[in-house]
Each structure stands twice: as structure tokens, then as C-alpha cells.
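Only one chain is included here, represented as C-alpha cells and corresponding to the form predicted on its own.
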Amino acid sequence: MSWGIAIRLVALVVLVVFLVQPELFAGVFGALTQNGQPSIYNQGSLLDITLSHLGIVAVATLAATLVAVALAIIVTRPFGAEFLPLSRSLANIGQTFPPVAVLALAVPLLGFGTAPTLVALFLYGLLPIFENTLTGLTSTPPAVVEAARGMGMTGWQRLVRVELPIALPVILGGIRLSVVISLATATIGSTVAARTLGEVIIAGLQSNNTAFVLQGGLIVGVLAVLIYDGLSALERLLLARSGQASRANA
């Protein structure tokens, strides 16, 4: 086992222990408090808040993936090529408007809570998934597509059996970027009453408790690194399998 993997496993174990039994780390964060402030966040369960944060990110990323991949598929077909500029503009909306502005616009329509945060994360996550899917689908070797056509495959069969499997590692790269962006961005959802790790950070800022701020930031940061590395490993695995398949068919 490499040192990199060992360090990540240790980080995962420490994170899980901290979320389940945060009081064990009171001494670590105690030096960051003053005037008798609590050293561990005590306004809710860190485990529940973290799971809620991850759930919001997962739902938003899933929705963004479905829409972005569908748009990329449409604009790479002959009948949908003319919609590429429009699709690109739609995917860019989330990057054009800051998430805070999206929240401000969504709250009057959807009210406070999780819904505005989901909208902001969904819009913010579209672009990397759309662009990567577009790149993956347009980079499929023409010879492979022609071979599939020569075997009598329909357009749908070529898409499902040939183009998407080849493009999958690139698509996963876009999803990886979207997830990491959403993990950090979701913290602002607490400003509109969504249950995210942002509430830990905000509580620390309001009470001038550095320990709370650090706890919220560290959880988000460690989660982002572990998820990023996990998806990167899966991406490399898919690339390796694709290469082995290519050599086997050669």
C-alpha cells in the first residue's frame, strides 16, 4: 500500500471518528476558544449536518449530470447540432451568476430551505459535466463508430454500447469537478436555512469561535479531497479497462 493511500485512509478514519464522537477532539480545538466557549460545535449533530450536506450535493449533482449529459448527447447528434450554442449558453448560466445571486432570486419563488440551494448547485454544476461529456462524445475515434455501423448497430446502439462507454472516463472527470465545486459552494446554503456545514462556520463567525469555523471548514475540505481522489481513482480504472479492451480487440 502506498503512502498516499495510507494517508487518505487515516484521514477517512479520523473524519468518521470525529463525526461520530467529536468530544474526543475537544482538547485539540480547545486552544482555539476563549472566555469559556465550547470547543466542539454544540448546536446540532455534526454527523447529521454532514450527511445532510452530502445529500444536497448528491441530489444536485445527479440532476446536473442527467441534464448535462442529455444536452451533450442531443447536440452531438445530426438533428441537434444547431442547438449547440443554445445548450452552451444554458450550461454557462450557473457560472455567469454567482451562487449567492441565484439564492437571492430563488428564495422568493421557492422559499427558504433546501430548494434554493439545490437550484444554485444544479446550475453551478452543469458546465463542467456538459463540456466534458461533449468532449468525450466528439472524441470517439471515427474508425470505432464506423466499425459499429458496419456491424449493423443503430444510432441508439452505437451511443449506448460504443460512444458513452468510451466517453465515460471523461464524463466522470466533469462529474468530479462538479462535485468538488458543489461541496464547497453548498456551505452558503445555510444562509437561506438549508442544513449544510455552512451553519457550523456561520455559528463560529457569529460567536467569534475559531474552533467552530475550523471544524466546518476542515470537514468540507477533507470530504472534497477524499471524494476527488476517489473519483480520480475510478476514472483511472475506467481508462485502464478501456485500454485493455482496446488491446484485446486489436
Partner chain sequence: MVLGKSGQAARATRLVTVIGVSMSLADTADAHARPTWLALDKLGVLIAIVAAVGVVLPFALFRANRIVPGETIMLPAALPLPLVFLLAAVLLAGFVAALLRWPAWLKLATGFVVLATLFVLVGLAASYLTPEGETFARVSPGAGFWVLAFAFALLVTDALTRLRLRPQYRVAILVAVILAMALLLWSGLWNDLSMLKEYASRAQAFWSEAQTHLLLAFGSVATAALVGVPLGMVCYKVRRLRAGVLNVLNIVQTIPSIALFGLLIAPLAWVAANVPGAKAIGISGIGAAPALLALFAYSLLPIVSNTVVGLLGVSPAAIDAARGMGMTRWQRLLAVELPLAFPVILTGIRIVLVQNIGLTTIAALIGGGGFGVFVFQGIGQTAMDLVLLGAVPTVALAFAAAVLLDALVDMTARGARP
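Positions refer to the first chain, counted from 1. As the structure is a prediction and not an experimental result, all values here were calculated from the model.
Another form, the form predicted together with the partner chain, is not on view; read the next lines as being about it.
Enquirer: Would the partner chain in the predicted bound form be within 4.5 angstroms of a non-hydrogen atom of every residue among G55, A63 and S139?
Expert: Not a single residue of the candidate spot has a heavy atom within 4.5 Å of the partner chain in the predicted bound form.
Enquirer: By the heavy atom within 4.5 Å rule, which residue out of V160, A147, I93, I74 makes contact with the partner chain in the predicted bound form?
Expert: Here the answer is residue option I93.
Enquirer: Among I49, V69, V220, A194, which has any heavy atom within 4.5 Å of the partner chain in the predicted bound form?
Expert: Partner contact (heavy atom, 4.5 Å) among the options: V220.
Enquirer: Given the stretches 115-123, 129-137, 160-168, 80-88, which is the single one in contact with the partner chain in the predicted bound form, using a heavy atom cutoff of 4.5 Å?
Expert: Stretch 80-88 is the one.
Enquirer: Quick one: does L214 come within 4.5 Å of the partner chain in the predicted bound form, counting heavy atoms only?
Expert: So L214 counts as contacting the partner chain.
Enquirer: Would L110 count as a contact of the partner chain in the predicted bound form, using a 4.5 angstroms cut-off between non-hydrogen atoms?
Expert: Flag for L110 set to no.
Enquirer: Quick one: does I40 come within 4.5 Å of the partner chain in the predicted bound form, counting heavy atoms only?
Expert: No, I40 is distant from the partner.
Enquirer: Under a 4.5 Å heavy atom criterion, is S207 part of the interface with the partner chain in the predicted bound form?
Expert: S207: no contact with the partner chain in the predicted bound form.
Enquirer: Taking heavy atoms and a 4.5 Å limit, what residues of 165-185 are near the partner chain in the predicted bound form?
Expert: The stretch 165-185, when checked against the partner chain in the predicted bound form, contributes V180, A184 at the 4.5 Å heavy-atom cut-off.
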